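Here we start with a single chain on its own, the form predicted alone, put down as structure tokens.
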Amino acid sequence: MAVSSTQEKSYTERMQRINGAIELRQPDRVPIFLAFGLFPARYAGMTYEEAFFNLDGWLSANQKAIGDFEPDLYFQPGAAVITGGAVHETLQNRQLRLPGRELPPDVSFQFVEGEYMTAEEYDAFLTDPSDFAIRTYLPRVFGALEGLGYLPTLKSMVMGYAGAALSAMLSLPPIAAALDTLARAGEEAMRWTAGYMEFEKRMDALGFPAFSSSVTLAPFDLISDMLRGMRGAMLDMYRCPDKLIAAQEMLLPTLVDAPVLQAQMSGNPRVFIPLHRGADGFMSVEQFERFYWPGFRDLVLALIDAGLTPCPFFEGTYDQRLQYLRQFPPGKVAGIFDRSDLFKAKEIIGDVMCISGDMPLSLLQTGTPEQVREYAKKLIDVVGKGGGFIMNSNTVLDEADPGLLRVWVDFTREYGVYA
């Protein structure tokens, strides 16, 4: 796609605006980040089901939303629809309920948390995490991959004659079926991945930078979200705390290396880190200090050392945790806040961390234009004072009213100009 000088200038201006805010400088105006989520589907007249099963239509809907609202940063379509619904159906993904399948066509997808690793399996996980992942975890999460449980231990494959024995094992019907399923799902996943990569290049050419092309999790969240479930992880803090900590320490290098590689491939330095269990209501300050903060802190610092920009999304309320964030180097982290007191955050970490948020989705659903402008003005006047602020919603914009979204964006663009 040919890039006009105007589009190239727009891209440069938006990047300067975003980078200025992240680096705690005062750009020309308050940047606007739109975490679209599934909003583009409704905006373009699609169902959520169509978004999961019609790649071209989903990408066209996102391009329409970006072109109409012209954000400085946009949440990629892959953040809402990670891969097409056919991939999850082929794998029989037990962790996901899809619109139009298990759910009505206009209801957002749901993540199904479960105890996919028992407390008694910590030792197996710590001893050989790759073996546990392939032969135990994947068969539990994906119904179509149960055959992988018949594989021999991965360590056994280092024996000299293992290659010949393995080839015979792979022909067993349950294993062969699982491998065939992986191949078919992989082809479909690559089609969606290629579509997303091409979309991002197209948006770059049109002058619109993407928020992030890489994502990772805090170590505690990976264990709680994907392995033990919330209940299991909370019990582990009492029943096997040392193993819970050891598992986090073991996982940390992988949680750093994966987004570093993704960022190097994409050229986008911003790393999205959704935080799920560290909020005020999930654990005490003492538990946060012991079980959550060390892994999250070390993850963020490692990403900074790699030359990247960590962008944690502080889901829930982090008012009791703000002081800890002062341990990060100034101008290196862009924090996205959900229900925290942003005005308190400005006082405590405004000289350390770029603050993004927290226009309530409720206002963008059922508020009046005057209420939307009033709250946006307060955010700009207080949190945006002196820079270091990116206007954003407190969660994804799935159910936002397009008219109120327009009011919010236009007001921010007009009023948020720095003198």
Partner chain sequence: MGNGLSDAIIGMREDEVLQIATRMLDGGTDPMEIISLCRGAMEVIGGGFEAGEYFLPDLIMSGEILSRIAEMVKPRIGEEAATLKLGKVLIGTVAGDIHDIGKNIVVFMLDAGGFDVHDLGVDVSPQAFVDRISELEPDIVGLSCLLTIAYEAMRKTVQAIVDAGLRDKVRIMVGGGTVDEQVRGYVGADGFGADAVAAVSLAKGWMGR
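Positions refer to the first chain, counted from 1. Predicted model only: the values in this text are computed from it and were never measured.
What follows is about the form predicted in complex with its partner chain, which we do not show.
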message = Going by heavy atom distances of 4.5 angstroms or less, which of 155, 97, 290, 326 would be at the interface with its partner chain in the predicted bound form?
response = 97
key: its partner chain: the contacting residue among 107, 170, 348, 265 in the predicted bound form [heavy atom, 4.5 Å]   = 107
ask   = Does its partner chain come within 4.5 Å of any heavy atom of residue 254 in the predicted bound form?
value = no
task = Spell out, yes or no, whether the shortest heavy atom distance between residue 282 and its partner chain in the predicted bound form is within 4.5 Å.
result = yes
query = If you check in the predicted bound form, is residue 344 within 4.5 Å of its partner chain, heavy atoms only?
reply = no
ask   = Does residue 231 reach its partner chain in the predicted bound form if we count a contact as any heavy atom within 4.5 Å?
value = yes
note = Testing 84 to 92, 187 to 195, 237 to 245, 207 to 215 against its partner chain in the predicted bound form with a 4.5 Å heavy atom criterion leaves exactly one stretch, namely 237 to 245
request  = Counting only non-hydrogen atoms and a 4.5 Å cut-off, give the residues of 110 to 140 close to its partner chain in the predicted bound form.
outcome  = 110, 111, 112
